[in-house]
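Next comes just one chain, in structure tokens: the form predicted on its own.
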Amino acid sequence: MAHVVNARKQCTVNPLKMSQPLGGALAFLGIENSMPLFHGSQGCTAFGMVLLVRHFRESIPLQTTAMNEATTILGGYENLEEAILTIHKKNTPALIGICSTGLTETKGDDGAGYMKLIRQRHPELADTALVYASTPDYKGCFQDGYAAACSAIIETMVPQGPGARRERLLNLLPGCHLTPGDVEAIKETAALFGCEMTALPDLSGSLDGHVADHFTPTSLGGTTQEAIAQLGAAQHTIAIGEHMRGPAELLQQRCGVPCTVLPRLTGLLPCDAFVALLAELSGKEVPQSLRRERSRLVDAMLDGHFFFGGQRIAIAAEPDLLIALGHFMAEMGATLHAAVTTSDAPGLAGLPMDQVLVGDLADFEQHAAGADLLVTHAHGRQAAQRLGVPLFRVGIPIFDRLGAAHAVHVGYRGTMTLLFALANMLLESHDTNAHRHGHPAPVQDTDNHARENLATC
């Protein structure tokens, strides 16, 4: 069991955490024909847009209410009203997702009241969904803002009351730590059981890097308004990541849809639990193709555990991403040397280590000294260079490598891909260090030799 400790210092030296509004914007980008809007200063929006553009390498629609000193003091209703009307006139989005910022939250702007007043004064907005999410950036973290936006979408756009249930219609609430490729892989797995799965939000349809037939100033694909309205008719809701428990339980309260929260989908046992749940909900047997993928993963774990055993891994990531990666690496035999995250969250105490630190990348660099591998996003590359330790990039942002949006680290196949990538990096680092110190590289075990070793243990 891990003890979660907050770093106590006067300032953040090298930020690990990203803000709640940015997480909220990512959720809104998973809705078809939507426009995220930051209710704050221009700088908040500009920096957030640059980060998302560099990570996804796509055009990111993101607008701002452009608050200044006077409007911050007097209140931001006029700025918010003008921004919404301008976006509606120029871009005609189906949804405008408003994310509050620390500026307007500190002032105390009544976002819910503003929405009602704008609706009353402007009937021309009747066909445009307006969703306001409270996402102050002075507390919480990226995944908190993402979850808050998902809850706001459900509360605003999903009709209350039980709907007519549709068998094998499932809801998926994917956490922000899942890539568009991850979401697509989960939906494909559900399809093998004959299940139709509605993802909220669906980044696999909007930020998967496809080339559109025509230009659109809003989000390009994602969950439709019609699909959101039908979430209450689903047979079951599956949420991935503890931070999606709130939206899943909100949907259950509003519509009576039962829910299951899976903390992670990386690793053998979590994948087994997901597949068993799909088999139970669909009433079908597990397809042979999935059984084959599971067999491949088991063999890959047998092949790879020699390279993980005793290796010291340091991880810095959002809480649910840290939980998924930390448990998987510990299951492969690695030692969690250091773990730094952005916020205290449920599940962190269950990590197999003594301490999890809520801090920044400067804390991470200090505690990661002596590790064999660093795992964090691209901003950890300077620490890796100074420590002379290889860096495996995960999370957001990854701007110095291609294909971040298409990486798949969930399911049997995704777990196997992640296992090979990590093991190859550890193997390459070991060979490099052995060559540097004049030691011969170890002879690698074949499958037969490995099984003989296991049989004699």
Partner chain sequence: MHSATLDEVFQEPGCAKNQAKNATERKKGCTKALKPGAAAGGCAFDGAKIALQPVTDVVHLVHGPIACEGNSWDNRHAASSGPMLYRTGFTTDMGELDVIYGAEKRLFRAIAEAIAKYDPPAVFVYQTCIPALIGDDLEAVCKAATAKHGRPVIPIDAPGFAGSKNLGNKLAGEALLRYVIGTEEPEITTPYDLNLIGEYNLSGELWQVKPLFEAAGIRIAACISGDARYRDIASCHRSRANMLVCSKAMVNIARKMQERYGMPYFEGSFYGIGDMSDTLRQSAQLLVSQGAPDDLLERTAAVIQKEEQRAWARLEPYREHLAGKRVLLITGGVKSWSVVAALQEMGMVVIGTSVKKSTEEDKARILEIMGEQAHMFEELSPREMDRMLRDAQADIMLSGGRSQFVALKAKVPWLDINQERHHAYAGYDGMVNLVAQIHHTLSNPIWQQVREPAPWESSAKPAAEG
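Positions refer to the first chain, counted from 1. These figures come from a predicted structure and were not determined experimentally.
FYI, the form predicted together with its partner chain isn't displayed, but the following is about it.
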item: Of 297, 87, 197, 281, the one that lies within 4.5 Å of its partner chain in the predicted complex (heavy atoms); value: 87
item: Candidate from 349, 73, 126, 164 lying within 4.5 Å of its partner chain in the predicted complex - any heavy atom; value: 73
item: Non-hydrogen atom contact residue 423 with its partner chain in the predicted complex at 4.5 angstroms; value: no
item: Non-hydrogen atom contact residue 112 with its partner chain in the predicted complex at 4.5 angstroms; value: no
item: 4.5 Å heavy atom contact, residue 59 to its partner chain in the predicted complex; value: yes
item: Any non-hydrogen atom of residue 430 within 4.5 angstroms of its partner chain in the predicted complex; value: no
item: Joint contact, 3, 266 and 271 to its partner chain in the predicted complex, by non-hydrogen atom at 4.5 Å; value: no
item: Which of 379-387, 257-265, 313-321, 298-306 sits within 4.5 Å of its partner chain in the predicted complex, heavy atom basis; value: 379-387
item: Residues from 123-160 in contact with its partner chain (non-hydrogen atom within 4.5 Å) in the predicted complex; value: 137, 138, 139
